[in-house]
Every structure is written in structure tokens, then in C-alpha cells.
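As C-alpha cells, one chain now follows by itself in the form predicted alone.
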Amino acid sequence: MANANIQLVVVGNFVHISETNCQEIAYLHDHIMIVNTSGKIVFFDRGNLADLRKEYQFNEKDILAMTSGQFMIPGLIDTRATATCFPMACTHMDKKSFDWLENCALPAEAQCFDLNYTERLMQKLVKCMVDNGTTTACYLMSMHFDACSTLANITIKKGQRAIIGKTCMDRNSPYFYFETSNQAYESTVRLVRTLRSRVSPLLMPVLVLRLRQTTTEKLVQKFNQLSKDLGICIQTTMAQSAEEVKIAFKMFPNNKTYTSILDKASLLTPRTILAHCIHVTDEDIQLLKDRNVGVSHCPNSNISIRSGIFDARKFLKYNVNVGLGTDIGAGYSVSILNAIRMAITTSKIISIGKVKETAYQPISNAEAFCMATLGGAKVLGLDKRIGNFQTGKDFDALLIDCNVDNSVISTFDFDGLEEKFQRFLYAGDDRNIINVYVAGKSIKSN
């Protein structure tokens, strides 16, 4: 008799970052993965399929046997998806950081008061992200409660794992897009309660403060308490541009470092996700490590609107948890594959300028892949549930095929698993992602 608790058995090759060594990619040949109906991995190793079938009592129809050209990788994790700015992607790329924020991002966010518009926008965005392999996204929405709720409904229906927060700012805001401290806090509490009432293991809230410069002490203190009481992460931006840093020191004098400004506001905790962190000192990075803060590295956005160049090697040297973000709109691609490539390229560019520092090494394929998977999970506080293939974790995965019709990847007869993975990492796209799984369920065709 078949075991009703088993929903999927995958046989073939797998690629991931192991829990014990984030510096190397694990290429696992001829492995078997068994997933139960709760979406959890209950077995992952080499084994005899017939023997496992007797032990776990699964049916033939439960078996997915990958071809020689296929392999699986963990689902990709976007630690900063600025959902409301999706329509701005690929446009206005000639603007710089603050100019882009004031003339593109804020007007785009303000438009989300129109729920018909928001519904169409979020449907398109979530489908695009899933098609490109993003199984988990930390979505930053507008200040509108109903817009956030709309996105939550769409991600639940699609089956994507989503962390959703309304962006709050209660000072230095444009006249057309403003809320008071009480409005920002009360609507955030309402959103947190609403998201948690959905009783979906795939849906979580996040508290979002745009910048320290755009939030009052009153709102920051309330968010800190809410984060502490409910165990919810706070995401905010730090040192994205040189102009932002100047404004920060002008508003908060008597601080030697940018991190000291946030630290005095109790905004540096293990529940904090800091985006960008480009214009920082070694002292800043050390404090982020000491406070166990996670960092969202958004290389496409950093380059596209000329914010600056993030030195990933330096953060990894200090053992700071770093994930990747698309920062959609300011970044022109919704694909974390693009973020992987740009993170590697950016690091190589930095290394070219450090020819005299022979010890300096650009980040490796493994380190960038880790940022997109297990590293991103650590930043979001989800590494006990997702990020790699390990017994007890949720089965969030992508089925990759380098030989699919219309693929831009050129493969060769002598390619092994490592070569196929590298070709996908650098040249693959949504056409090579033939299926997407979240908690064991296929969602790409939803």
C-alpha cells in the first residue's frame, strides 16, 4: 500500500551549498530526494530506489527521474524586491540614486492607492519572479494597506513564499505621499495581524523603514518594540549613496560612523536587514558583524542608478551574512540569476583596481550562489527552513534543463554536472527553469 504522506521522489543530480562549507558548491550525482506531503525533505542521499520504495511505500507516479541534462538547485531568494517600482524597470536608468528615488520610486509607490492598477501590476510581477526561479521574496510595498493585502493574496494563490511589508516614512516625505507616525504604525500593526491571520506557512510580515532620515524617533521606537515583541525583521536602507551619507551626518551630528546612527536608534539587531551598505568603513562592517545584522546586496541597482560599488569580499571577510536583492526598478532585472552575475562582475572590477593587494580575491561562483540561496535564507532568518537541500527543510527547488528548446546555453558532449551548472549560472534564463517548487508543490504553471 502506498504511503499517503509522500508526495514526490526526485532521482538524479543536485547542486547546492552545504551547511558545513559555504565556500564550495556541492555537486551531488545520482541522489534520491523524498519529500512528504508537508513539503519537507525526509530523505536525501544515494540509495537503492527499490529498497526506499519498500521503506517509504511511494508509488511509481510519485517518482520524478531527471534526464542526464537536468539537475536541481535550491530556490532562489530575493532579499529586497521593491514591488511597487516594477514598472520603472529598464526606464530612467540615466538618473542617479536620489534623483531616481524622488522622481521615479516615490511617484510609482503613490500610484498603488489604485487597487485595480496594483492588482494587475502584482499579478505580472509575481508570475515573472516565479518564472525566473524566485521561490522566496522579501517584498517592499507602498504605504497602502490594501495594496499590501492585494500582493499577499496573489502570492498565496501563486504558491510563492513571501515576506511582505509596507514602506513607512513619517518625515521628509513629498506632499503627495505622506502619513503620520500614528498612521504608519497603526496600519503596519493591522497588516502584521492580517498576514498572520492567513495562517499560511509561506506568508510572513516584515517591518519596513525607508531611511533613518525619513523616520522620526517616535516611529523607530515603536517599530523596535514591535519587532522585539513579535520576532519580526526590520528592513531599512543604509549608505546607498554618498549623498544619503552626507544627509545622515548632517541630521545626526556627533556620530563618527553611519552605523552608530542606527545603533543609537537600536536598529542594529539580528532581526535587521540592511539594504545596500555601499559607503561604509571597516568600523561599520565590524559593528554589523557584532550585532549579527544581515545585508541585502543589490548589485544591479547599485550600478544602474550609480549609487556605488559594494565590496562583497570585505563583508564576507568579516563573516557578515549577505544575501542578494533585485531592488526592482532601480535594478532593471527581476532575476536573481542576474544579481549573481552582477555581484561576481562587480567584485572582479574591484579586484582589478587592487592589483597591488595580491591577497584580494573577487568573490567566487560558490560565494555568489550561496548569497542567492543559503546566504539569503540566513539574512531573512529562514535558514532553518530553506536555502539548501537538507533533511527536515522545505523542498524549495528549481528543475534546470540546459538542453531545453530555444535555450541560449551551448552545451558540449564532454560537459559534466559542474560545467552544466556553470553554463546555467552565467547564461541560463527562465527558459532553462522548467519547474519551480515551493514546499514540495510545483508552482511555475500556476
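Just so we're clear, the structure is a prediction, and the values are computed from it rather than from any experiment. All residue numbers refer to positions in the sequence shown, first residue = 1.
There is another form of this protein, the form predicted in complex with another copy of the chain, and it is not shown here; the text below is about that form.
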item	value
Partner proximity in the predicted complex: N172 to another copy of the chain, non-hydrogen atom cutoff 4.5 Å	no
Partner proximity in the predicted complex: E419 to another copy of the chain, non-hydrogen atom cutoff 4.5 Å	yes
Contact test in the predicted complex: A427 vs another copy of the chain, heavy atoms, 4.5 Å	yes
Partner contact for V408 in the predicted complex: another copy of the chain, 4.5 angstroms, heavy atom	yes
Answer range among 60-68, 411-419, 379-387, 37-45 for contact with another copy of the chain, defined in the predicted complex as heavy atoms within 4.5 Å	411-419
Non-hydrogen atom within 4.5 Å of another copy of the chain in the predicted complex for each of T91, K124 and C128	yes
Single option in Y258, F86, Y185, F315 placed near another copy of the chain in the predicted complex, where near means a heavy atom within 4.5 Å	F86
M342, I154, V280, L209 - the one with a heavy atom within 4.5 Å of another copy of the chain in the predicted complex	M342
Contacts with another copy of the chain in the predicted complex, stretch 65-85 (heavy atom within 4.5 Å)	none
